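The chain that follows stands alone, in the form predicted on its own, written as C-alpha cells.
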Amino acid sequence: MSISAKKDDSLFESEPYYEAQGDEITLFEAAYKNHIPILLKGPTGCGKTRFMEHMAWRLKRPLVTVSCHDDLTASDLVGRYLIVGGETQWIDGPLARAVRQGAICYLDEIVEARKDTTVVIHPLADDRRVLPIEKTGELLKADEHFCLAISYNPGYQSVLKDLKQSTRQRFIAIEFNYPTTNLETQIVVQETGLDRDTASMLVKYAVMTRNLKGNGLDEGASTRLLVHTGKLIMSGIDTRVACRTAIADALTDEPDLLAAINELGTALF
C-alpha cells in the first residue's frame, strides 16, 4: 500500500497504510452510515490517527483533524470575527468548516481541551446534528456526509480530565490497543523498510517497556516510536543509538529508569 497523500489540505488521493486489528473498519462504516459519532479509545501512538486517515480515504471524505490542548476554546473550534482588509468578517473554525462541507471532523485527545469545547459538540453528537453559532445567531445544520469522531487515552488521563457521561453516551466506542507482535512487526517493516528480524527485535523491546507501565512509566514505547527508530536505523544510525534516542530518551528523563530501559536495549541489540 502506498504512503498517504493529499490532493489538498484534507482529501486523501492515495490509501494511507493501515493494518486492521479487528472489526474497527466495519464498525466505523456502520456508524458513519447511521450518523452515529465515534469515540476512539487507546494509548498514545497505537494507530488511532492513521485509522482516521484510512477511513477518510475509504469513505472518500475530507478529513479535518484538530489536536486538542489546554488552550483550545470553543471559539477556536467554531470560529470568530476577524479584521480582514479593514473589515470585520466571520471566519469559520475547523469544526464549522467540517460541518458545512460534510467532512469527517476528528478531535484528537478531546479531554485535553477546555470544558466549553465539550458543550459545543453535544448538539452535533445527537439526533439534532446541529452546531449553534451564538456569535452570528446561525444554527448550522450538518451536511448529510458530516461525521464527528473524537479520541482519548483512558489509561493516561486523570480523573479531572475524564470524559463526562453526558458526552460519552452520545458516541459508540471503538477500543484500540497495540497490535499483536506479528502484526506490529509487519507494520514496522512496511513503514520503515527494516528487515523483519530487526523489526521483530524492536517490537520485543517495546513490549518490555510496556511491561514497565505503572512501575515508573506512564506509557511504554508506542508503535509510532518504533517506526521512528526504524527510520533512523535505515538512515544509517547505529541500532543502539537509535533505540536510545527514539525510545528510551523519548519515554523518560528519570535517570534510574532511563538506565534500566537502555540496559534492555543493550541486551537485545
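Keep in mind that what you see is a predicted model, and the values were worked out from it rather than measured. So that there is no doubt, residue numbering starts at 1 and follows the sequence shown.
From this point on, the text means the form predicted together with a small molecule, which you will not see here.
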Here the chain appears without its partner; judged in the predicted complex, the stretch of 140 to 148, 101 to 109, 163 to 171, 83 to 91 with heavy atoms within 4.5 Å of the small molecule is 101 to 109
Partner-free chain; cross-checking the small molecule in the predicted complex, the single residue of Gly230, Gly220, Pro62, Gly47 with a heavy atom within 4.5 Å is Gly47
**Prompt:** Is there a heavy atom of Arg224 no more than 4.5 Å from a heavy atom of the small molecule in the predicted complex?
**Reply:** yes
Does the small molecule come within 4.5 Å of any heavy atom of Ile121 in the predicted complex? no
Heavy atom to heavy atom, is Phe12 within 4.5 Å of the small molecule in the predicted complex?
no
* Answer yes if any heavy atom of Leu194 is within 4.5 Å of a heavy atom of the small molecule in the predicted complex; otherwise answer no. => no
